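Have a look below at one chain only, the form predicted alone, in structure tokens format.
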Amino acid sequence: MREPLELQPPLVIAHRGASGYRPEHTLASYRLAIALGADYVEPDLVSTRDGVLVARHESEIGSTTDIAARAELADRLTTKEVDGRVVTGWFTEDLTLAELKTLRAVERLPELRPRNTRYDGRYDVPTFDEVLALVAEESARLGRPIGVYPETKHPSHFAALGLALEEPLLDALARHGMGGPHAPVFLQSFEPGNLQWLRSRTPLPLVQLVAADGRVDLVTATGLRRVASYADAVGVAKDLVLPRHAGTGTIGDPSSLVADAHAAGLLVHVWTLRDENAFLPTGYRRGADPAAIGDSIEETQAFLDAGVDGLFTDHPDTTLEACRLHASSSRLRALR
């Protein structure tokens, strides 16, 4: 029987780094997230053709790098099925690390984050080893532990290609002294089988991810008890905790998910908090411009009121300030 995790909530997890301010999954994005005070940085992991783990949200990299402009790699454009979806583009598994390192990252959401495009072309695609080295360097410099929260992306897809992600992931963590039970690491995946394999090989805490349109059977009271047999937390789309009213887009009362998960012994981490209107419930938007900044502080406090244990965020500074304000108001209420 695993010991229950005893972590001080809420954790602030920098989603792809400080991706609201820098192109996602770059060392610059992770470094800024750490400087802003995030507890954890989140690298999504995919594999190169030669089996090196690199940080990209998807294996298809047409929208996050400048590969479309690289004539020497034009012949790598292809169409394939990934996790049941037909995708056309350029894929990390078709490039060696040396080839991937010639590319430069670009902002994935230029319409919503035009200020981030000034960093286009300035950063390369980091390996997982480079991310872990940065975390160790910044932890030592700042005198505080900074955690890593890697996600295995498309693990079944990569396993079918002979490029399984799990063993390279565990090997990298071990090399950097982060493989033990007390290391500040969470391992996350959407695939239960992937987590079950990891459960038999690592004491690190595991997180079952669930999308709003995905395996929602896993976040019923019965499903959560099943998840607790192999994982320590659920990482859920935020609408599963605070559902939105159909038609109006405003949030309603919390679902039973947090209470049910806690009853099963699971932590609850929600994704993803973002400042822009485009990602906010109707009641928290400010103006009609999708790229304008809305009131994500109020949204964050609603999740804290709902009792979540961790928050994925593109804007760590905003989320940390919301946590500070929430804790302050909670202390005032306790004194009354």
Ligand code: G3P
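Heads up: residue numbers just count along the shown sequence, starting at 1. Note that the coordinates shown come from a computational prediction; the quantities given were computed from them, not determined experimentally.
From this point on, the text means the form predicted in complex with this ligand, which you will not see here.
Contact with this ligand in the predicted bound form, judged as any non-hydrogen atom within 4.5 angstroms, is confined among 40 to 48, 65 to 73, 275 to 283, 297 to 305 to 40 to 48. By the 4.5 Å heavy atom rule, the three marked residues 15, 151 and 188 all count as contacting this ligand in the predicted bound form. Although the partner is absent here, residue 103 is not a contact residue: none of its heavy atoms lies within 4.5 angstroms of this ligand in the predicted bound form. Contact between residue 57 and this ligand in the predicted bound form is found at the 4.5 Å heavy atom cutoff. Although the partner is absent here, residue 164 sits far enough away that none of its heavy atoms falls within 4.5 Å of this ligand in the predicted bound form.
Within this chain, residue 209 lines the site of this ligand in the predicted bound form, having a heavy atom no more than 4.5 Å away. Of all the residues from 282 to 316, the single one having a non-hydrogen atom no more than 4.5 Å from this ligand in the predicted bound form is 312.
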